[in-house]
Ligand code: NAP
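Below sits a lone chain in structure tokens, taken as the form predicted alone.
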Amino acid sequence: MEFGFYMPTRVKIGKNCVLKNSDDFKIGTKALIVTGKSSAVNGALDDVLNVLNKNNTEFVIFDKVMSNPTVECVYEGAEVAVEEEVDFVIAIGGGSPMDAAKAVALLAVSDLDRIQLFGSDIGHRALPMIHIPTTAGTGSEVTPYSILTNHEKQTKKSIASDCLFPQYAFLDAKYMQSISHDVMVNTAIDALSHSVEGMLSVKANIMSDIVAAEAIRLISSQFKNLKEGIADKEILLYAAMLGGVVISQTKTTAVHAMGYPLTYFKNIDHGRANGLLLGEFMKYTEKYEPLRVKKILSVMGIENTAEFKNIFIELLGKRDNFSVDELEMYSYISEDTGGVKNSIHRPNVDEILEIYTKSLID
């Protein structure tokens, strides 16, 4: 047995955990709060400002993060961080603000151009971070990854470094009370996809599988409630964090790589994109790794991959429209990506196209 496991983020969970742990926010003297225009209009920003004022900590707010943040956005945020001389970052929101905050924290102390930003060596320095998720999907609060829209490559690309792990993550489901049904479904599918993909990764290990299985069990227990709009938000928020712990060890697979073009070209929500593809990817992987797939299905209490795929059909409703030409283009974009290479059985471009076709047209 030989593997490593590193997860340095200190996680605190529960109602009012931000207010109850004000001393944890004393990791600097001036904070840059990174969020979207409406990402923190749920009580999260009020609680953070309450704590910062209590600690006599200065702050500035950067609220320009859009869905699927761009490279341009994070460079702008980094400029604010430098000009304002902040020494730590607080992210509030879903995956987009949290991913953007990591890149901002990195660029605020690093002289990286756009080519270097997506390179293999981005250094080991970033401003310390506190993350407060307001959706239950991304798990970014416990990962060393930042996913950004890269227009030059016409897809989403990740940057990765251990310095991008937040120092603290605060999980309070009260910040999720106003999110829509569609967001709840899409983010839950994203969280499930992380753990399923973690178990189908070449980097899967005993520890990551244990965490992944628990996350899959918890999310699948909420399928019926998700359809009825009464899902337990605390369970989903916790499970999403576990999914983040999983991919912090294993990274994601072809599902994410194939989902990114759907988001980039069709503006399909990231979680929905994963859900549209996950069923067929499981069927594909089953041909080569039946025991792995069976283990995942058994955790969910279902019999076969057809039943697995049907779960997403019921949750996601009508499929989006695609042409064969579009899917061929997406296949070539996806083929030479880290996610595809990270799959326990790596699909070639023809197999990727087949997964796309069976997922989105057949």
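Since the structure is predicted, the reported quantities are computational estimates derived from the model, not experimental observations. Residue positions are given as counts along the sequence shown, with the first one as 1.
The form predicted in complex with the named molecule exists for this protein as well; it is not shown, and the discussion that follows is about that form.
None of 181 to 189, 280 to 288, 117 to 125, 209 to 217 except one has non-hydrogen atoms within 4.5 angstroms of the named molecule in the predicted complex; the exception is 181 to 189. Although the partner is absent here, T57 is not a contact residue: none of its heavy atoms lies within 4.5 angstroms of the named molecule in the predicted complex.
Among heavy atoms of R292, none comes within 4.5 Å of the named molecule in the predicted complex. The named molecule in the predicted complex is not approached by K233, whose heavy atoms all lie more than 4.5 angstroms from it. At the 4.5 Å threshold, heavy atoms of S298 stay clear of the named molecule in the predicted complex, well away from it. Interface residue among I147, A81, L200, A169 relative to the named molecule in the predicted complex, by the heavy atom within 4.5 Å criterion: I147. For the stretch 93 to 111, the set of residues having any non-hydrogen atom within 4.5 angstroms of the named molecule in the predicted complex comprises G94, G95, S96, P97, D99, K102, in sequence order.
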